[in-house]
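What follows is a single chain, given as structure tokens, in the form predicted alone.
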Amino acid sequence: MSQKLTKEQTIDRYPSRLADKPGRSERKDPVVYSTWTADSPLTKEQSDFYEQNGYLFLEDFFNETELNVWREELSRLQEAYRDQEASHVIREPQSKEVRSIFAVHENNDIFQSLSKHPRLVSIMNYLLGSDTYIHQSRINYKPGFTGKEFYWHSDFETWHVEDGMPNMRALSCSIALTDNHPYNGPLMIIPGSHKTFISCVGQTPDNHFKESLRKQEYGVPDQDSLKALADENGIQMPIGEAGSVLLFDCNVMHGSSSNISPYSRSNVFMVYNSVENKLREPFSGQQPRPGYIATRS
């Protein structure tokens, strides 16, 4: 990057994958970056819930007419890439099925428009306290019977180490295009875990992203730390009908199990980052991941 950083700006406040043992430290950043007013896009109760728990579930956010447009495009993309290879298309670890399609906010007019939806953007700007941009976007397909798990992780740990995101000032927005049931592999969250940073063990191999997007093996928290967080905070499983929106902080611990039910679970993920938190050089010292995974502009 051409931007010259001060010594203070280059300090790694969340070191990870450096020690031979996992570590635990308190969050050093705010969770909600704006002061609530009557004009805020969330209620006071919603804002406080997000600050305390690190997530917020908004049911019936989008209507059926909007959903039908996105579902049709979801199916069209899945069919288009069924036999077509592309770097931004990730397949399941043990099959050729499409697992995720990245950068849909750049490569697809329909999902680009969704990423700029005024109701969404106003909430993101409020929670992050500034204008925002899309750090990462993707469609996650989790087909019935064969959809594989996403193991427990904090997004920020990877975005910090591998992408150079300096601070915890980003969040994910997951839009349900199919109903999320307890039995079709919905997202699980450890509420309150966003206030603790778990450092991981193991230096990431170069270009490991090619495998980690199919099955993550580095940047994965240790089982003792996971159990401690779960013992302290419990595990929540926000579920609801298509059209619901799940917002969750970049550092909240989350994951999902395999989908062995007959019913698919497909979601559109949009990751919003503050314009005041743009990426720097990766804190791992390695080459940055490609732009379709982490926007660097």
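Residue numbers run from 1 along the displayed sequence. If you're wondering where the values come from, they're calculated on a predicted model, not measured in any experiment.
The following text describes the form predicted in complex with a further copy of the same chain, which does not appear among the structures shown.
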Site check P182, M188 and I260: each within 4.5 Å of a further copy of the same chain in the model of the complex by heavy atom: yes
Per-stretch contact check against a further copy of the same chain in the model of the complex, the hit in 267-275, 231-239, 64-72, 29-37 (non-hydrogen atom, 4.5 angstroms): 231-239
Interface membership of G243, a further copy of the same chain in the model of the complex, 4.5 Å heavy atom rule: no
Distance check, W152 to a further copy of the same chain in the model of the complex, heavy atom within 4.5 Å: yes
Interface membership of Q223, a further copy of the same chain in the model of the complex, 4.5 Å heavy atom rule: yes
Partner proximity in the model of the complex: S256 to a further copy of the same chain, non-hydrogen atom cutoff 4.5 Å: yes
Single option in R76, K96, R119, K227 placed near a further copy of the same chain in the model of the complex, where near means a heavy atom within 4.5 Å: K227
